[in-house]
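Considered here are two forms of the same protein chain, supplied as structure tokens in two stand-alone entries, structure 1 and structure 2.
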Structure 1
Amino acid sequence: MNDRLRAVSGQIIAVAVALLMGAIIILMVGESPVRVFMTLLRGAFGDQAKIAGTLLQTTPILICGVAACVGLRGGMFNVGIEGQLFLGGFAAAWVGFAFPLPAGIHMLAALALAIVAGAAWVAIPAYFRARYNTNEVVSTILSNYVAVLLTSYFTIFLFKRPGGWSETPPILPTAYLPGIFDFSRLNGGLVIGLVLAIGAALVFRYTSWGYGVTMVGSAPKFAEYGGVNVKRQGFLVLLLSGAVGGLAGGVETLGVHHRFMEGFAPGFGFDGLIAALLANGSPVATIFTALFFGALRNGSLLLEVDTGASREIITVIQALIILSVSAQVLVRRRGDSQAGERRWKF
């Protein structure tokens, strides 16, 4: 408990340090830090619409973050969430516009295909990782590029909405994710994200399977010795991670855009990965890191309108926060020797 308290207060100090550095930068570009931070706060939580907007921004980061957590738990570094998100988004849209189905079933079918698409996209890297120990970081990074280009190809060459922009035809309302408020686009995706995060935490903590997977991630030889099928669980975990990544894309298309747009959501995969890493791989903690990123992002949208500061300033501050928080994590494990730790276990 005491440890945790120290850790949390450490994080807060780290954020404060980053904000201070941010304030200096803001001063340097000739704006008032107070005004900028107040605007940020107003933009993130100013009224119910702003709060809803923040939650809307949080949703994809959260789901991608859970995807990353699932992989990290099993010792798999899924850097390909971005690509899975794009394919999942496209797959959901495709079901949404091409196959008229009854309400409810339509949405579930679309989400299901998004999940399948995400999992399928990571299946080959996962297979090679499990079977031949092929580094999954490399293969998933590379497959991101292919996924984004591929969805662009599908969208523009095969399924383009006639006369329109580079986007698919709109999906049918039967496939929409239900909204939560009528004043916001916030939708059931948030609930899906929260359920996933808490569900993942429970599964990892309270099931035999989750225990096995956790052991595969933290001590693979031990797990193997204990009778856990390390290769199969590794494959499964990466597949699940990809599935959640695909779901993130499906949620975006069905919940917000109601069509697939070429290049619609760059960077969510990486945001999610960072959120998960800052949360130390804990899905529940990822809820908070994702919310933090979502608030920063939504706040920064108002910032650009209400002050002279540009959104890039926020990008810079966000990076500073990540950097100082990441260093903070380390203060806890300062030790005598640098040698003992394996630096990276890819």
Structure 2
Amino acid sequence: MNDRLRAVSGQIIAVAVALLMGAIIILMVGESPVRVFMTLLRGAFGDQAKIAGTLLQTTPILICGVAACVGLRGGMFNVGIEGQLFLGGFAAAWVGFAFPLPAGIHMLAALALAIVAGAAWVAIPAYFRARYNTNEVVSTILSNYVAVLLTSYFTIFLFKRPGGWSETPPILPTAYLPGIFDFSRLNGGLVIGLVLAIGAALVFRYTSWGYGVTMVGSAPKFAEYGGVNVKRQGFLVLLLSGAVGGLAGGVETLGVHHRFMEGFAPGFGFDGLIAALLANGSPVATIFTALFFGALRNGSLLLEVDTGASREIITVIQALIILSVSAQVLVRRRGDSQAGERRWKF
């Protein structure tokens, strides 16, 4: 309990330090930090429509965050969630416009193919990690660029809507995810994200498979001595993480855009990864960190209207949060290492 409290307090301090540094940068560009942060708050939660917009931005970040949590819990750093999201989004769109199916079944079939596409895309890095112990960070992050360019090629040269922009034909209404409010594009993807986060937490806490994944991530040698096939477990963890990433793309296509287009979900995969890191790999805590980043995204839309600050200040704040969280994690690990050495000497 003390370790958990220390980790949570460390993350809160890291965010506070990042916001303080962001305030200094805002001052340097000639704006008032109080005004900028109040504008962000008003843009994210100012009225019913803005709250719905914040939840809409939160949804893909949350699902991508759960994908990252699955990988982190198993000791795998899946940086390719952005690419898996794009492949999943395109696969869902393809089923949505190319295959007329009954309502309900159509939506489920599109989401199922999105899941398969995400898992298939991470399968190659997962195989090389399990077979040759290659670094999954390098292979997954490089796969992002291939996925984005590949889906762009499909969209522009093979499935482009006649006379339209760089986008596919619209999906059929039978494949739509149900909406939540009439005045917003907020949809059932939010419910999917919440169920995934809570379900993942329960699996990791109360099932033997979840315990095995946690052991592989925290103490792989111990797990191997206990009879766990570490390489196989790592392979399956990356596949599951990629599947959830693909699902995020399917939700974005079926619930928001109702088609696939170039750049349809910029940065959601990376935001989800940051949210998971900020939550210390906890799926439930990722609900709140995803909401935080969703609020930053949605609130930034009002920045350039009501202040002289650019909305790119949000990117700067996110970078500062990454640096702060990374620094406090390194400090905590170094302290744990030094404590272990002192116990050994004693």
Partner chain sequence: QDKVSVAAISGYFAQGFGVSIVNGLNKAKDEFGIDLKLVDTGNRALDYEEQFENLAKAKQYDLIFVMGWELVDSLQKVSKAYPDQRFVFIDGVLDNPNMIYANFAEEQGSFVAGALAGMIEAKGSEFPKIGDGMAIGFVGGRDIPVIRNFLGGYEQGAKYAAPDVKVNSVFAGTFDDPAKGSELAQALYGQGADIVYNVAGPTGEGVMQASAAVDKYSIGVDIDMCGTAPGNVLASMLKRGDIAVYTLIKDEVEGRKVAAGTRTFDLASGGVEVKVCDDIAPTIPADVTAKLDEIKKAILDGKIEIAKAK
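Computed from a prediction, not measured in an experiment: that's the story for all the values here. In this text, the rigid core denotes the largest set of C-alpha atoms whose superposition between the two forms falls within 1.5 Å. Numbering runs along the sequence of structure 1, starting at 1.
J.: 1 or 2: which is the form predicted together with the partner chain?
T.: Structure 1.
J.: Aligned on the rigid core, do the two forms place the Cα of V36 2 Å or more apart, comparing between the two structures?
T.: Yes, because once the rigid core is superposed, the C-alpha of V36 moves 2 Å or more between the two structures.
J.: After the core is matched up, is the C-alpha of L278 off by 2 Å or more between the two structures?
T.: No, shifts by less than 2 Å.
J.: What Cα shift, in Å, does I13 show between the two structures once the core is superposed?
T.: Shift of I13 at C-alpha, rigid core superposed: 5.3 Å.
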